[in-house]
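As structure tokens, one chain now follows by itself in the form predicted alone.
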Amino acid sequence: MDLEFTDEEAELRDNVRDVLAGIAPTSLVRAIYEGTGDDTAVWEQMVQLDWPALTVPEAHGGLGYGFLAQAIVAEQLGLSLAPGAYLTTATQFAPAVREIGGDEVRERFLAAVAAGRITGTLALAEGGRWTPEAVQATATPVDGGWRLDGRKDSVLRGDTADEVVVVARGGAGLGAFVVPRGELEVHPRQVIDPTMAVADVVLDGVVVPADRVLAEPGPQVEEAVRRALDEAVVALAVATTATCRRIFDMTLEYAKEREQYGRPIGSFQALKHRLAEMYLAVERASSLGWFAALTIAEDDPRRHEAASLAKAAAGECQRLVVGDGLQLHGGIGFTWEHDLHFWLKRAKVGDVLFGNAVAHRAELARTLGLAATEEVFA
């Protein structure tokens, strides 16, 4: 594996960073927090630039880039706190359609994503667990399609996405279905970061016609769900780590400028140690995140283990960096006027979604055969 960016990848990173600085400044994030703005224009600009098509296969109207390009965009989203439908559509909905769906349904929805005609998300979690084993929502065959019953937790942008991939369990195993958001009973949650809106979804007898079935319940679907889940987990891990990097950079800059006793506070040995620990945590999480991204890009058999390692490291990183970043900023870090709290809250939400550090340590133990599923999630 080559962990250095090619010239083309570095150019993509720089272009995405520059675009996001223009279309999603911190002032927009503040406006969303204060209820005076929204992210509609951000998505529209991304569509004009063909970002939704970035990793959609060329056969379906996309640009055909690999997952590494997706991770590059995710990193810049985490650094800038850019809001909008891109993360869920490109790293959750589209991978689920690609990995689970048959040829006809895959062509239909991936082409729509590439053209920017729809936004989407993934409804998997139940009981606070983002694993196939946790799925208890049911899929029952009826005339002309399938009936879904149950409840899904913490669906990112579940209250605004056009289409929702719902994973449910039938008699033969897991199945996956594309449901228009308007047909679902959606309950938005109040979260600390309104740019990462989360909702619970109730499936109360929703009937999905046959042409919206990604895969009927069967034993082969679980592995496809895991593959799609790997992409969502790694993209979020990379984005969360990038947010932590921004917190570290802001804290380091503040420590160099803020003076006490006639000296910059960053010159004090105790603070140097804490800043060094923050730096190491960010670099460790970043390295594991990019390794996981490469395992997906190269379809390495270690991809699932690498995804859990990356998400666990990102969660552990945010715990240290958020706490120390807030403390080292002193009183100003607690004020609404200072921008620091936007990054602190994004990092916290990024840790919880799609499994926190504890959950992914447990998943890694299960994957490696060190503990049974029911033991690690007890």
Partner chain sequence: MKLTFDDSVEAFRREFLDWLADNRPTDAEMAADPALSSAHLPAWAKAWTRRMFDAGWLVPSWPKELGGRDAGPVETLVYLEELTKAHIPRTTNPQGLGIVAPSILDYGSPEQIERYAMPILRGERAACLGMSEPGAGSDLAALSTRAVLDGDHFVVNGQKVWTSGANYAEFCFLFCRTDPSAPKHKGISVVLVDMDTPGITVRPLPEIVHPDKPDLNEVFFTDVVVPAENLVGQMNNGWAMANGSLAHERGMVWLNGVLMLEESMVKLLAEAPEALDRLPAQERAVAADQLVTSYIDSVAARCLGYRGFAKLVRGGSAPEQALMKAFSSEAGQRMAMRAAELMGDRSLDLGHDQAVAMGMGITSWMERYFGTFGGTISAGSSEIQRNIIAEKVLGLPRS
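Positions refer to the first chain, counted from 1. Worth saying up front: this structure is predicted, and the values here are computed from it rather than measured.
FYI, the form predicted in complex with the partner chain isn't displayed, but the following is about it.
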Do all of 252, 256 and 276 end up near the partner chain in the predicted complex, with near meaning a heavy atom within 4.5 Å?
yes
Pick from 213, 197, 135, 294: which has a non-hydrogen atom within 4.5 Å of the partner chain in the predicted complex?
294
Proximity to the partner chain in the predicted complex, single hit among 107, 283, 223, 149 (heavy atom within 4.5 Å):
283
Given that the partner chain is not shown alongside this chain, does residue 302 nevertheless sit within 4.5 Å of it in the predicted complex, heavy atom to heavy atom?
yes
Even though the partner chain is not shown here, does residue 272 get within 4.5 Å of it in the predicted complex, heavy atoms only?
yes
Mark residue 263 yes when one of its heavy atoms lies within 4.5 Å of a heavy atom of the partner chain in the predicted complex, and no otherwise.
yes
Closest heavy atom of residue 361 to the partner chain in the predicted complex, within 4.5 Å or not?
yes
Can you tell me which of 312 to 320, 50 to 58, 334 to 342, 25 to 33 lies within 4.5 Å of the partner chain in the predicted complex, counting heavy atoms only?
312 to 320
For the stretch 61 to 89, which residues lie within 4.5 Å of the partner chain in the predicted complex by non-hydrogen atom distance?
68
